[in-house]
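Read the single chain below, which is given as structure tokens and is the form predicted on its own.
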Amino acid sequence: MILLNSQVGNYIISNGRRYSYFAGNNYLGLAGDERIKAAVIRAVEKYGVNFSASRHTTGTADIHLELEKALAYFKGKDDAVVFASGYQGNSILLEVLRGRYSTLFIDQSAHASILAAIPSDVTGVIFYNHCDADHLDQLLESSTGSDPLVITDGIFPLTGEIAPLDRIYPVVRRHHGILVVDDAHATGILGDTGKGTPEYFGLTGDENIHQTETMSKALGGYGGFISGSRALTSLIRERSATYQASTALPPPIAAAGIASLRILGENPGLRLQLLETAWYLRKEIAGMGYRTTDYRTPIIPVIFDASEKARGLSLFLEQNGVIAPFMNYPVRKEMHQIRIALSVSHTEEQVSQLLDLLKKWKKKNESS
């Protein structure tokens, strides 16, 4: 476990040592942004640290409504609803949509929050091959008579793969289903304006596509949200036990979300710069003969056939001042890899250092 003694940025301090940090999910470098920290301090001075109640009772404040308005504007939706953690989003959405589906179809590499969100009374749970729209189509064909809900990650957090919604959604439509996209790692990153995976594929505005999202990654803060029609957000507020029973977002966290959305809107080049550098880094890693994936996202895995190799590379990098962790992550599909997460705050020198170390490790281990 990496013990942090500093804020998260392109560098961290861990156990008194400074490391180049290619981990976490601070894609746009906003987690330590001075403008956001200033907004957080102002919110603490005005509201204190916590509202100490659920949104449903006495925990809703004007700052929550301001954040929801800003999120709805960012997403181009009628409304948005925020809650304590992005992890809760899938549970909340599957809970309030319960009357509209009878069978769940889940990507076999789905995030743990998707598996945890399966309602206890749903007995029809079917896993389709990872990112395989044809296999999904076959499964839906054989499940005639059911009301399907298909759920997938937008960007898969281990591999940086983008779910092929351009192939998946036509299948979902043909079978009169609902599509839910966990867009935790795509919000602020994919699409012409950073709205996520549906925007990336030109699928915005369809009421049968829902996204669950978080402010804890590209937006640099914390808390989950769902945007959509007022009918959907009202349903969440009125019927979701998860939403109603959770303590409201602390005011400094809500203030951080508002500030990060403002920065994102004023600086669209952040996302483009990030993706350009990530693509360069991915091509260089693949060019060395490492196995990785072929997507324009800031998550770049280095995949091995044995855990010992992945652990060994991660340790070698750490010994040389770079954190890129070996991943042992709770998904159904076993992976042996280190996960390189790029931030727009990484410098050219840091990227060059990482590439030099990867080259040295590969040369040493191929010749031994």
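Numbering starts at 1 and runs along the sequence shown. Keep in mind that this is a model prediction, so the values were computed, not measured.
Keep in mind that the form predicted in complex with a small molecule is not shown, yet the notes after this line are about it.
K.L.:
Please identify, from 137-145, 109-117, 187-195, 263-271, the stretch that has a heavy atom within 4.5 Å of the small molecule in the model of the complex.
P.N.:
Residues of 109-117 come within 4.5 Å of the partner.
K.L.:
Wondering, does residue 277 line up within 4.5 Å of the small molecule in the model of the complex on heavy atoms?
P.N.:
Output for residue 277 is no: heavy atoms all beyond 4.5 Å of the small molecule.
K.L.:
Counting only non-hydrogen atoms and a 4.5 angstroms cut-off, does residue 102 reach the small molecule in the model of the complex?
P.N.:
Heavy-atom contact with the small molecule at 4.5 Å: absent for residue 102.
K.L.:
Does residue 91 reach the small molecule in the model of the complex, with heavy atoms at most 4.5 Å apart?
P.N.:
Residue 91: no contact with the small molecule in the model of the complex.
K.L.:
Even though the partner isn't displayed, in the model of the complex is residue 87 close enough to the small molecule, meaning a heavy atom within 4.5 Å?
P.N.:
Yes, contact at 4.5 Å.
K.L.:
Looking at 216, 159, 240, 227 here, can you tell me which has any non-hydrogen atom within 4.5 angstroms of the small molecule in the model of the complex?
P.N.:
For this set of options, the contacting one is 216.
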